[in-house]
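Given as structure tokens, the chain that follows is alone and in the form predicted alone.
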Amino acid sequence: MIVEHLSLVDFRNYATAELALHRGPNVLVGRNGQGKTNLAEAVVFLATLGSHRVSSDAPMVRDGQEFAIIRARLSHGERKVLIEVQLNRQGSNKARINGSPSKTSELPRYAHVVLFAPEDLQIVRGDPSSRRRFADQLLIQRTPRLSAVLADYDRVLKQRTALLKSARARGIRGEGLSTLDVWDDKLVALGSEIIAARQRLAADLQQPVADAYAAIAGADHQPQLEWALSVRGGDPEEGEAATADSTGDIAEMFRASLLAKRTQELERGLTLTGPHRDDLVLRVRGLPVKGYASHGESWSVALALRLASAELLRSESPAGDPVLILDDVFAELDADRRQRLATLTAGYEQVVVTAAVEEDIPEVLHAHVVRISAGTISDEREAADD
């Protein structure tokens, strides 16, 4: 897949922006704060329906405006597709595909993107929500319909938790809240599907992560990834991972866990078990990465997760390679990892690299250069053509 052209209206610092991209490497250069990452963020949103920087859409809408528009022309071989999303400060977002209204959940069917960014270190060193977000955004690209499942789960979770808080305020205990059973059924149905999909993803990523880690680190530290499931008693804080065999098994465990924790949930006004409480446990050399791995090992794991994601999408998608976006990541790496990462990514159909310092970018990726200054985009290739 190739992003041929990106158009923005009232997105971040851009009132309007037009960016032409080409096959192979594309380099976006500019000092920090000029808008390079905003361009990368816009492309990523089309593929994942989320941002790698913020958890809500409102910050992506330019100050003083009610909505922003991201529009991209994509090339899937000989086929061209125009996709567009309107991000609203309030209310649901709207999407169009080839000019026709569509569900936003359809966009990831057309846009496949893998982002490498400094924030990736939080995947391995941050709290469990960072790892859940990584997994769920990849799930959406791999199986777009799961975006609706994840959204429905969040909605049911909020409604169930609101009911628990109301019950706590009214002093209801034990079996005195029969309406909770209805929300339990919905939570179990949606949550079990999410847990099963996450576990399949972890299994499918295992070998690609091991291969990518060895290529980046130049050593085999036997990286592993496994889900710690709250419905099975897996404790993310302890790094205890647990697995289940099928969606049916997960549903049974989930329901039993809800029943076991009901008294505690009513006392605290919180939903204490489910995929929103799970953690993806990452290990190297048999030890949890978080708390034990060195800075270099942590970066190698983070990069391996992204490379493995790209390889997984590449192997499964009839649309070709995903677009790789390396957002200011080379400044974070030592010279050896810079060169290894550049060599591993250079063979993809399209790579977009952002950097504050042009010299940070290895020569193999140094091709089509676009300069960004205070929201102004200057394309060196277009200037040369003129």
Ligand SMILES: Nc1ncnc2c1ncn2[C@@H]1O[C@H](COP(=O)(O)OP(=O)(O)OP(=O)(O)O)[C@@H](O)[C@H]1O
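Since we're looking at a predicted model, the values are computed, not measured. So that there is no doubt, residue numbering starts at 1 and follows the sequence shown.
Just so you know, the form predicted together with the ligand exists too; it's not on screen, but the next bit is about it.
Among residues of the shown chain, D321 is not one whose heavy atoms approach the ligand to within 4.5 Å in the predicted bound form. Although the partner is absent here, H368 is not a contact residue: none of its heavy atoms lies within 4.5 angstroms of the ligand in the predicted bound form. Residue contact check for D328: one or more of its heavy atoms lie within 4.5 Å of the ligand in the predicted bound form.
When contacts are judged by a 4.5 Å heavy atom cut-off, S51 does not count as touching the ligand in the predicted bound form. Residues of just one listed stretch (43-51, 57-65, 329-337, 343-351) have heavy atoms within 4.5 Å of the ligand in the predicted bound form: 57-65. Using a 4.5 Å cut-off on any heavy atom, the residues of 5-37 that reach the ligand in the predicted bound form are, in sequence order, R12, N13, R31, N32, G33, Q34, G35, K36, T37.
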